Structures are given as structure tokens and as C-alpha cells.
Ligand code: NOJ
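So this first bit is one chain, no partners, the form predicted alone, shown in C-alpha cells.
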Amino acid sequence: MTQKFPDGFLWGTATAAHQVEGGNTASDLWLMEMMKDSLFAEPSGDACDHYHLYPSDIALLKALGFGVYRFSIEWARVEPEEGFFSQAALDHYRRMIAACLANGIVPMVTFHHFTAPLWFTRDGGWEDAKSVDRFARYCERAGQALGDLIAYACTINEANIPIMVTMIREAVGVAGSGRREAALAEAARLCGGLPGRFAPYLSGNGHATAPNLIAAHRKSYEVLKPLVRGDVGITLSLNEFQAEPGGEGLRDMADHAINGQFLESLKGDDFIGVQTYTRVRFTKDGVRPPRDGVELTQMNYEFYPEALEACIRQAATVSHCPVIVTENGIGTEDDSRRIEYTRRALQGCLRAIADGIDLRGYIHWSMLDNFEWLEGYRPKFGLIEVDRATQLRNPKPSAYWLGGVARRNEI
């Protein structure tokens, strides 16, 4: 049976600058990837060379049938030293946005996607209250240069993920924390920072960063709103939190700290970007790992596409904002499972729409097989395979399948 999506529904796919561009040498993570005892499986290096190959990549998206491209501009390129804004970098991203428009692709631009300039992280990162004004200043300068071309602006990608990562670390105890602390101390030494001040987005103290990230979004929203020709919002990493008998208290505590306090701060925003991959189940003793025999992805997440529907409903109910799915996908070598995962996730989208949820689009993660942070290039999230020796692109069956869904606006 065919199932139609509303007219004007947004169909797209996404990348993040550091994961695909290559050569992001002024960023905090470049330093950490290149360290002798790195926490990363491998360095990002040249990545997918999207910095140079974006024209053909965007044209390929159009040919496959997609109408939206969500990508990030790299703060470390735009402001490689505090107060110095690179006009060359801003011109590059303006050409990139213009290439989207020339191909009939709607540009959805994220201003911060995990990486930051090395100077920012060396001086406390998001744990320091100065981060709010520093980020707003960057957004203002970038918004002045690019905003007239931007259809959708996402201020911060997954602003709640630092506290999520911190709470996971606390829940599993101190295993591995010594190596992490040693790596942060060594990174601080290498860049001339003070011990205890080097605070990367994904490795710092999420309890300290949460209020600053909420405040930074609010301030950057106000800065960008008059500069961007389209809508402004934020994206959050939302898992479906479930409780087995006795686990309700832990679930509710985690839900408020990781999801609720951020969703509640968004009332009045133009949209909320929902980014969902799986569910998390709580017992009275903590998080329950997936049961034996349950299908897992390459990230060891439970294969559970139904989580997306629950997270869309929660985001809409708590934030009172229109919803766009800005990330959803699966790390797998088996592309048939990517199609099955996406099909079931989209059926959940249709159920939410049928119940009156204002869901405006679905942006798949990701366009390319890319650098997956600590895991390196092993996990395959892309609709398009990349031969990193030659940088040749090869669309997978899932790319043609989802592009066809986008063209027809139905499954």
C-alpha cells in the first residue's frame, strides 16, 4: 500500500564538515587524532575531500532525487584564531551554499557540529561561560556573510550530547577514564594550555556545558534570526527512553537531564531537529544492554527504527515546535538492512503525521561513508560509498531507493 507524505515535505541527507572535508587542521580534534596515544581509531586526514569535491557531490544528490542538503560550516576554518575571521573560508561556504541553490537543493546549514577551534577548546571550551558570547560572535559574523542564502539554520548539533556522554561515563564507572584524562592532559600540553582547561565537546564535563549550550543557542538564535532568510532551530540527540518494572525513576531522571531541559528551552523556535538512532532501556539497576540475539548495528546500537516515532512525538509535545528529522540512519555493511531500517522509520513518521504532529521533513544520516569520530572510518552510515584511495563515489541501493521515495513523496 502506498503512503503519501504531505506536500512540501523535505527530503534530504546530511554530512558534518570535519567528517567529510579533510584537513581541518585548526580544530581541536585534529590535534587529538594526531597524538601518539590517541583515543581515536585513526585520524580523519583527507576524509572524503568534500571541501574540494562538494560541487559533484551536490550534483549527485540532485540526480538521486534529494531536495535538501544539511551540512555544517566549520568554526575552526572561519575563526582559526580568536577574533580573526577568514574571508576565504566564508567565501568557500558561500560558494557551497550557492552550489546547492544552483542545483535546486535547499541548503540547511549547521553552525557547530562537534568540532571547535583549538583556541576555544584550549581555553575551557563549552565549560567556560565565555563560550556563549564567543559562539554568538561567530554566528553573527557567519550569518552576515551567508545568511541571505540559508533556508534553514541549525545553531548547534546535538547540544544535549555532552551531558548524555557524561552520564553514560558516570553510569559505567571509571573504566577507561584514566586514559581519557591522560589524553586531555597531553592535548593541553601540546597546545600550550593549562591542565584541566582543555575541554572538547564530546570529552568534557556535560553537567558544566549544558547551561552554556542552552544559553548559547538562545543567544545565537536571536543573532541569526534577522540574518537568515529562512528558519532557525537546533538539533538534539534523542533516544527513546523506556523503563522495565522498577526502572521508571532512573528513566525519568535521565529523560529530564538529557532530553527535557533542552526541549523545554526551545519554545518559540522555528523548528526542532530530531536525531534518533535507537532506544535505551532502564532497569532499577541502570541501563539494560540489548538482549542476546538482538540485531546490533556497527555502533553496537540495537536495531530499533521505531524509536524515531516516539522521539518525534516527545519533541513536538514538549517543545511545541514544528519538527524536522535532521538525522536518522544506521551504521551497517549490509545495505539491505539500511533500507529496512529507513522504511520502518518512515512508517513511524507517517503515523506521527496522521496523528497531527507537525513533521516537516526527513534528513537521512549520512550522505557519504565518512569519519565516525572515535570509531574512525569503520562504521558505514553512508548512502554513498567512498573509495578513499581514489575518492570515487558509488551510490548504494539505499541511495536509489530513498531518492525514489523522495521523488514520489511516498512509500
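As the structure is a prediction and not an experimental result, all values here were calculated from the model. Residue indices: 1-based, along the sequence shown.
Unshown form predicted together with ligand NOJ; subsequent notes refer to it.
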Would you check whether ligand NOJ, in the predicted bound form, lies within 4.5 angstroms of a non-hydrogen atom from each of Asp28, Trp75 and Glu127?
no
Taking ligand NOJ as it sits in the predicted bound form, is Ser319 in contact with it (heavy atom to heavy atom, 4.5 Å or less)?
no
In the predicted bound form, is there a heavy atom of ligand NOJ that lies within 4.5 Å of any heavy atom of Met299, even though the partner is absent here?
yes
Going by a heavy atom distance of 4.5 Å, is Thr13 a contact of ligand NOJ in the predicted bound form?
no
If we define contact as a non-hydrogen atom of the residue within 4.5 angstroms of the partner, is Tyr341 a contact of ligand NOJ in the predicted bound form?
no
Among the candidate stretches 346-354, 367-375, 31-39, 55-63, which one is within 4.5 Å of ligand NOJ in the predicted bound form when only heavy atoms are counted?
367-375
Of the options Ser203, Thr155, Gln275, Thr209, which one has a non-hydrogen atom that comes within 4.5 Å of ligand NOJ in the predicted bound form?
Gln275
Partner contacts for 113-140, taking ligand NOJ in the predicted bound form and a 4.5 Å heavy atom cut-off:
His113, Phe114
